[in-house]
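Coming up is one lone chain in structure tokens, specifically the form predicted alone.
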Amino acid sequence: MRDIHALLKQRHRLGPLEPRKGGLAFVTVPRENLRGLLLELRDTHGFTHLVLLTAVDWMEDGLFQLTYMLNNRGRDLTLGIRVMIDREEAQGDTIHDMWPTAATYQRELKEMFGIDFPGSPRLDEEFILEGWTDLPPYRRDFDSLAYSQQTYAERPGRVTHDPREYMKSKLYPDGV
């Protein structure tokens, strides 16, 4: 993986290579370098399989992290390409023309995080959350407790436990 990183670094703005176990590594790139890098990885370096596209909400930093996991099956290598985008104007670049399966990931990220991918097919059609009108539920500022209390009626006879106290009573029944 280090040899590929060294070659790519000559043509693209890349962060440091972050190796993990086995053939897994991560690298962070500026958004404007993403498409060229993905094309080179796919067409020149054998990373032909888009394993997944996912997001992390770094709410405190005002950013979303998009991670594109690519796999080179011939060399058993997996490279995670990280791109940081602004959380308030969350917009990524569509790659459905490079990997058609990316359209599904992009639809999910639009619905669950509110990240837009202009030009991606069927992006505004309901995907998982039919009729959803609230804040996207995977955003960290979505209050799942308030949503549940507003949406669902309390069931009579159901006891709710504070998780911390409940586990304490189970782990330490004698209070020690």
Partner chain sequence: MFSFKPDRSQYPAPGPDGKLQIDLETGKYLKLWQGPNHPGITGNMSVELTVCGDEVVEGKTHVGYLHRGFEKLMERRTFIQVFPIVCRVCVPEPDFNEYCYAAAVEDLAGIEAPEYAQWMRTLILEMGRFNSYMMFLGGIGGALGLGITGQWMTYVRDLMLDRFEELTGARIYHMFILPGGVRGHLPEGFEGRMEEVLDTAERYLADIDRVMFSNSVFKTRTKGVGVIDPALFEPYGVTGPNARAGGVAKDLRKDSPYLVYDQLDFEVATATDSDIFARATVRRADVQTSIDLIRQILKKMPKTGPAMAKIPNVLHWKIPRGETYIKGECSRGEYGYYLVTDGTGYPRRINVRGPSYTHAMALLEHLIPGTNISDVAALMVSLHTYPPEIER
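Residue numbers count along the first chain shown, from 1. From a predicted model like this one, the values you see are computed outputs, not experimental measurements. Whichever C-alpha set is largest while still superposing within 1.5 Å between the two forms counts as the rigid core.
Another form exists, predicted together with its partner chain; not displayed. Remarks below refer to it.
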Classify R139 as contacting or not contacting its partner chain in the predicted complex by the rule of any non-hydrogen atom within 4.5 angstroms, answering yes or no. yes
Decide whether R20 counts as a contact residue for its partner chain in the predicted complex under a heavy atom distance cut-off of 4.5 Å. yes
If you check in the predicted complex, is D116 within 4.5 Å of its partner chain, heavy atoms only? no
N71 within 4.5 Å of its partner chain in the predicted complex, heavy atoms: yes
Using a 4.5 Å cut-off on heavy atoms, what residues in 42 to 66 are near its partner chain in the predicted complex? T48, H49, L50, V51, L52, T54, A55, V56, D57, W58, M59, E60, Q65
Hey, does R155 budge by 2 Å or more at the Cα between the shown form and the other one once the core is superposed? no
Would you say whether R164 is displaced between the shown form and the other one, judging by a C-alpha shift of 2 Å or more on the superposed rigid core? yes
